[in-house]
Structure formats: structure tokens, C-alpha cells
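Encoded as C-alpha cells, the following chain is the form predicted on its own, with no partner shown.
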């Protein structure tokens, strides 16, 4: 099981990501695309990354917007798994 990060480390990680928001024991980000198919294609790409990492985000698709929420339920908060997957997701869009 992944180890829950300290508040200090969490803040450092959030600052490095920049565009992800810290919300309690989760991080989230909303992505906007030109169309619904583009949003679904993005989610499909995220699904393959998540499956490879064995770590799955909560996903909310609303037309051309996708909200991802990451937390490590087993650890009761944020772990390195969350920040690693967030960084990989950001790389999809360059």
C-alpha cells in the first residue's frame, strides 16, 4: 500500500503541478476539449495510464469537459501515486 504524504509534501507536489487543485484529501482538475468525442478520447487515454499504474481516478464527463479527481482511498489521502498519475495525465496534452 502507498504511504500517505505529509501536508508539506502535498503542498510542494501541488505547487509543482500548478493546474491541479487541492481539495481536502484529493486533487482535481477540469480539462476542456473541442467536442464530446475529443473528451471521450482523452478519458480513454487516461484509462490506459490508470490501468497501467493500478490507480484509478474518479472521472466526470460533461459534454466537452472532463473532471478528474485523484486520491488513494487505501491510504486515506494523497500519496505519490496520485501525483505521478496527475503528471502523466498532464503529459497527454503536452
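Residue numbers count along the first chain shown, from 1. Not measured: the values here are computed from a predicted model.
What comes next is about the form predicted together with a further copy of the same chain, which does not appear here.
> Within 4.5 Å, heavy atoms only: does residue 47 come near a further copy of the same chain in the predicted complex?
Yes, residue 47 lies within 4.5 Å of a further copy of the same chain in the predicted complex.
> Considering non-hydrogen atoms and a 4.5 Å limit, does a further copy of the same chain approach residue 43 in the predicted complex?
Yes, contact at 4.5 Å.
> Classify residue 59 as contacting or not contacting a further copy of the same chain in the predicted complex by the rule of any non-hydrogen atom within 4.5 angstroms, answering yes or no.
Residue-level check for residue 59: yes, a contact with a further copy of the same chain.
> Taking heavy atoms and a 4.5 Å limit, what residues of 2-37 are near a further copy of the same chain in the predicted complex?
Those in contact are 36, 37.
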